[in-house]
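Here you get one chain, nothing else, as structure tokens; it is the form predicted alone.
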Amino acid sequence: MSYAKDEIVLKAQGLKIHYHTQKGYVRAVDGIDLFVRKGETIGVVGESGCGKSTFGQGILKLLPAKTKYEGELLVGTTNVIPLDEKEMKKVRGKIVGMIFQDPMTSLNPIVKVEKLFHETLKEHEPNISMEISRERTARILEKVGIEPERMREYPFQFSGGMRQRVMIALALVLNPDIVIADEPTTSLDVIVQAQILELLDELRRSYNTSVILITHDLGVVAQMADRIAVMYAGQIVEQNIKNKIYYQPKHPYTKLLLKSIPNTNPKDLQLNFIPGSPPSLLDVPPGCRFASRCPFKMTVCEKEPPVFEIDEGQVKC
């Protein structure tokens, strides 16, 4: 697909993704509205279990077979929710690429890197030769700082940072319009983490690719994101441009989340945290889902939470 500058390449409207269990449906993503522009990086942040990864994998419908989808999820102009597995294969990789959390569990350790790339290319271009596949693999590996000769090696022969570079190259080899990066720097040391983020941002600019950056690390989104969506208990509670989120947060959860970032001031060693736990997504409360942990809770919070529009952002409090 081709898009004009700032054109919306992905849009979720009233999106719900519920997991089927013996106890009922887990409302992992429960009615979110979000859009992504061409060439933009949007950070999706929140505590573990808030639904961020479910949202990312749900875009590509990589979730269990009995998962229930509702609402609208437009990739370009196509609503992917009704698409079957055969139609989704045309979306995965070619239109939307994915960088998973742990490259070692995503890369087959006993399959050479060149074969991993060839299988990906052949899925969308059945007539591609091994020679052409190697040429394209060499080009994209060079882009991520890996010598092309290493494509003949196995993933277990690479370091953690190098495997992540291979994953990024694999996600970009088909030149997708959107890349979903799900915790792309997990388990990497801070130096390699900075290199990976710099590389991802450089490739985004080079290819004019939109990036959905899923992370719990507020430092990561501060470095890369143009806009930030804050998730809590399956919902986006606040979204806005980066500076507004960091310097003018509106939702109590966003404020407390930012306050819980470890302090680097040696004279102030107090560790702030958010007391309590998120509600069960099997049985969510009717009002504000953050009410039980919120220091500003009022009686009205236990009822239907109001929505406030602020500039281009939104707060659900």
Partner chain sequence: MSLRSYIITRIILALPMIFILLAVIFFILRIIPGDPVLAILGGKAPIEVIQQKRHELGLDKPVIVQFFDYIRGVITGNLGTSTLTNRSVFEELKDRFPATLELTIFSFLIVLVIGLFWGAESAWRKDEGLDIVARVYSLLLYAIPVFWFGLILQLIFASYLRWLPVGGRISAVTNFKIVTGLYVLDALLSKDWRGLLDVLRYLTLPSITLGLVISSVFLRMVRNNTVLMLSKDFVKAARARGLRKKIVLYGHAVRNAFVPIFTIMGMEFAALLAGAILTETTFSWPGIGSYLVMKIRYRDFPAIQGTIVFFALFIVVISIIIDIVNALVDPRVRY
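Positions refer to the first chain, counted from 1. These numbers come from a predicted model, not from an experiment.
Separately, the form predicted in complex with its partner chain exists; it is not shown, and the next lines address it.
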Since the chain is shown here on its own, which stretch among 75 to 83, 156 to 164, 128 to 136, 238 to 246 would lie within 4.5 Å of its partner chain in the predicted bound form, judged by heavy atoms?
-> 156 to 164
Out of 208, 106, 175, 187, which one falls within 4.5 Å of its partner chain in the predicted bound form, going by heavy atoms?
-> 106
Heavy atom within 4.5 Å of its partner chain in the predicted bound form - residue from 170, 228, 231, 196 | 170
Can you check whether residue 93 is within 4.5 Å of its partner chain in the predicted bound form, heavy atom basis?
-> yes
Wondering, does residue 62 line up within 4.5 Å of its partner chain in the predicted bound form on heavy atoms?
-> yes
Would residue 57 sit within 4.5 Å of its partner chain in the predicted bound form, counting heavy atoms only?
-> yes
How about residue 119: is it within 4.5 Å of its partner chain in the predicted bound form, going by heavy atoms?
-> yes
